[in-house]
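Next up: a single chain in structure tokens, the form predicted on its own.
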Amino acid sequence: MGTQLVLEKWPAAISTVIIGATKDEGGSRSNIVKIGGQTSLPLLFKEGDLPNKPKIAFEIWDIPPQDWQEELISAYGKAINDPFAWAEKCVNEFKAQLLCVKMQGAHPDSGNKTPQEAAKFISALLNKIKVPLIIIGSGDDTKDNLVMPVVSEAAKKERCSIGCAVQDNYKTLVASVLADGHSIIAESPIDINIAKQLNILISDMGLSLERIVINPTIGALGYGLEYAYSIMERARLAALSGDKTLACPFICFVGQEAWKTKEAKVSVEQGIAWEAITATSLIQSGADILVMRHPKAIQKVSNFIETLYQG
């Protein structure tokens, strides 16, 4: 007698979010990136549809990074000193299909660039590279409220994913995203209830739940990964059970968490392993976008994804 699998069917699905708009859609991107759309828990291929593989976004900054390890910086060579050359290297040499641009240069302690300078940078970047963009602020809420609306307008019709909206500071960003046709990244501090409440607040402003990507905030391997994993798992269970306010894809900023650990600073090989293992673990908890830093870690995780989705 053959073994029979016990399969569970879920009544709901995760929203599909599209990043990037091609010329036919009014944008100028060479490709689009689709995330979400699952009707099953991660990697349970026999239980439902998993139409879109997890995607990896190369993290780049609008200024040369000041706090990255030398071993990490050396992976990009001299290109890292020029954000445009850095982006082109990611696309042309490392075959990036998605970039995550951090507007760090707008931070008061990192150059304090004006909104106009930030918008000019994004416009120029969109002209130089043609892959879809995720664009996030510097992390200074006051300055981001000035910069990100102008950046959003500069990328109008390109259907970017813009972030990060937080519970105490979301209205300005939501209004801009709504006007300019982007999706939004909603950030919550590893708390399923805050994630749900923030999504409700955003949707109450008129932005569809289908245009929200959840940043649950994660920890690296050994630094809170287990807790983040369980929160993502609980949110995905609730979403597939019918809670529409949580039925959004996840984005996880793996690189920034992995490379600040003391273990990653021991050697570049250990840093690469730390980033790759953190990323592969989060794929199994439901991550849809992994924002990563080291090209070798990205290659390892890309190979892992392809192996998982073979056949």
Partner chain sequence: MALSGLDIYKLLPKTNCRQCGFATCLAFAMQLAKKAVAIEKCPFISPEAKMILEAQAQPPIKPIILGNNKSNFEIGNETVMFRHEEKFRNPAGVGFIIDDNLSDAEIKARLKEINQLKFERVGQLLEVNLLALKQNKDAKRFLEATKLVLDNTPLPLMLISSELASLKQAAGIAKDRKPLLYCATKNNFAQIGSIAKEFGLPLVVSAPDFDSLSEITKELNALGVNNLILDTGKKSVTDKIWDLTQLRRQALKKSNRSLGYPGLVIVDKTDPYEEAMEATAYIAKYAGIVLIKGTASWEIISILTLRQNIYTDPQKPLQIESKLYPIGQVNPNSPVLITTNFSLSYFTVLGEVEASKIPAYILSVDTQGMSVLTAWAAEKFNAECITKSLGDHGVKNAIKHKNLIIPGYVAVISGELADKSGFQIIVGPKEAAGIPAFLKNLN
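Quantities reported herein were computed from a predicted structural model and do not represent experimental measurements. Residue numbers count along the first chain shown, from 1.
There is also a form predicted in complex with its partner chain; it is not shown, and the following applies to it.
Q: Let me know the one among Asp140, Glu210, Glu226, Glu93 whose heavy atoms come within 4.5 Å of its partner chain in the predicted bound form, would you?
A: Answer to the contact question: Glu226.
Q: Choose from 52-60, 240-248, 28-36, 273-281 the stretch whose residues reach within 4.5 Å of its partner chain in the predicted bound form, heavy atoms counted.
A: Among the candidates, contact is made by 273-281.
Q: Might Glu70 be said to contact its partner chain in the predicted bound form, defining contact as any heavy atom within 4.5 Å?
A: Looking in the predicted bound form, residue contacts with its partner chain do not include Glu70, since no heavy atom lies within 4.5 Å.
Q: In the predicted bound form, is there a heavy atom of its partner chain that lies within 4.5 Å of any heavy atom of Leu221, even though the partner is absent here?
A: The answer is yes: Leu221 has a heavy atom within 4.5 Å of its partner chain.
Q: Please check if Asp82 has a heavy atom lying within 4.5 Å of any heavy atom of its partner chain in the predicted bound form.
A: Looking in the predicted bound form, residue contacts with its partner chain do not include Asp82, since no heavy atom lies within 4.5 Å.
Q: Does any heavy atom of Ser230 come within 4.5 Å of a heavy atom of its partner chain in the predicted bound form?
A: Yes, Ser230 is a contact residue.
Q: Let me know which residues along 28-61 have a heavy atom within 4.5 Å of its partner chain in the predicted bound form, or say none if there are none.
A: Those in contact are Leu41, Leu43, Leu44, Phe45, Lys46, Glu47.
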